[in-house]
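In structure tokens, one chain follows: the form predicted on its own.
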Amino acid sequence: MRPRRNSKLDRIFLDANAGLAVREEVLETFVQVSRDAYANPSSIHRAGRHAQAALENAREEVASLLLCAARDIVFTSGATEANNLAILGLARAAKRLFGRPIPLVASRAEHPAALAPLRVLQQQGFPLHLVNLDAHATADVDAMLEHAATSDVSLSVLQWANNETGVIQPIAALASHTSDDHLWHCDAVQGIGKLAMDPSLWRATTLALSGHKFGAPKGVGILRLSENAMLDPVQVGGGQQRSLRSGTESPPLAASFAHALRLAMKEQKASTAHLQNMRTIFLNALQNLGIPFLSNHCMEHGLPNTLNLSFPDLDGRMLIPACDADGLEVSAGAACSSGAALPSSVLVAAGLAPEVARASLRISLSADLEEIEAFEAAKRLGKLLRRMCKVAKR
């Protein structure tokens, strides 16, 4: 069961891309495994072996869902760690193997958890090229391939879907050129549970997921490796998980991740249909109120739950606080940077003027949103915007 947040419409949650509540049945799994598999899974006594069995059962279930071998699943604390391990690990291993820094190619739409390790590598001598975006933040994959082809070995970084505009990136073109020499890391965080699994994903050298995006507890993610992926570890210690990610593993978090992933993939088709319906209801209701806005999202080739709207005549610095005061829980972009006064770098890279990008809202719907909430949210947002427009004209 998906937990209900409230029943009185006092607060309406429209920030699903930042994370969801733990599903009740997944929380039950966490509690049960915490109780039954309490020992350190690296210990060799009976309790330790029992914890290790719970951990490996979860790893095998995740691997079966993601069509890979269990040894190719690395549990992490989330997608930030998984992105760092993949990007830093692949690049440094390639440098060690080839004796020189390899070219790095990425889109300007990548999440900060991917862009930051790329910048670190750039400071260490790795050439980095960031390709341009169209108005929906779609990456120029032709340019990515062109730059990747300038070297006999390279690393490309391209997400599955963008967390801000919701656009689904053209990963098939990049996947067709992925090989042992042309590496591709995919941040696939936003797609799980919202999109049908794209076969192109299986071509990725590494693929990152984060559990709290689809109903697992916060603090657990995975990195899926291709069979021949070679990474240098980012953190060292006890040698757990093939020495790729040392540190005591958590059977409860691993089991919860596996359970939530299974449910998200099982319910994806029905969830997508519901999300598309709620998105249409919200958008139509807002349009019927006569509120002028710009659409930065992609309806045809985007996440079914995501809207990104700009209100050029308003002071963007006041939008999020005003929405929060009126009980609308929305964001302006990635949660890790939404508190910043700067405009969204993704929207600016997609061609918006900084002041327009600053006056933008990301509205991302959850699968438990009801029609009455969608209508009420649009109505409430419309009243709020009218109020702000009157103040702006004084």
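From 1 onward, residues are counted along the sequence shown. None of the values given here were measured: they were computed from a predicted structure.
Keep in mind that the form predicted in complex with pyridoxal-5'-phosphate is missing from the display, and what follows is about it.
**Segment that reaches pyridoxal-5'-phosphate in the predicted complex - one of 79 to 87, 276 to 284, 223 to 231, 142 to 150, heavy atoms within 4.5 Å** = Stretch with heavy atoms near the partner: 79 to 87.
**Request:** Could you tell me if all three of 17, 189 and 212 have a heavy atom no more than 4.5 Å from pyridoxal-5'-phosphate in the predicted complex?
**Result:** Judged in the predicted complex, 17, 189 and 212 all sit within 4.5 Å of pyridoxal-5'-phosphate.
**Request:** Please pick, from 136, 111, 92, 182, the one residue with any non-hydrogen atom lying within 4.5 angstroms of pyridoxal-5'-phosphate in the predicted complex.
**Result:** None of the others qualify; the residue that does is 111.
**Message:** Quick check on this chain: which one of 163, 296, 156, 305 has a heavy atom within 4.5 Å of pyridoxal-5'-phosphate in the predicted complex?
**Reply:** Looking at 163, 296, 156, 305 one by one, just 163 meets the 4.5 Å heavy-atom criterion.
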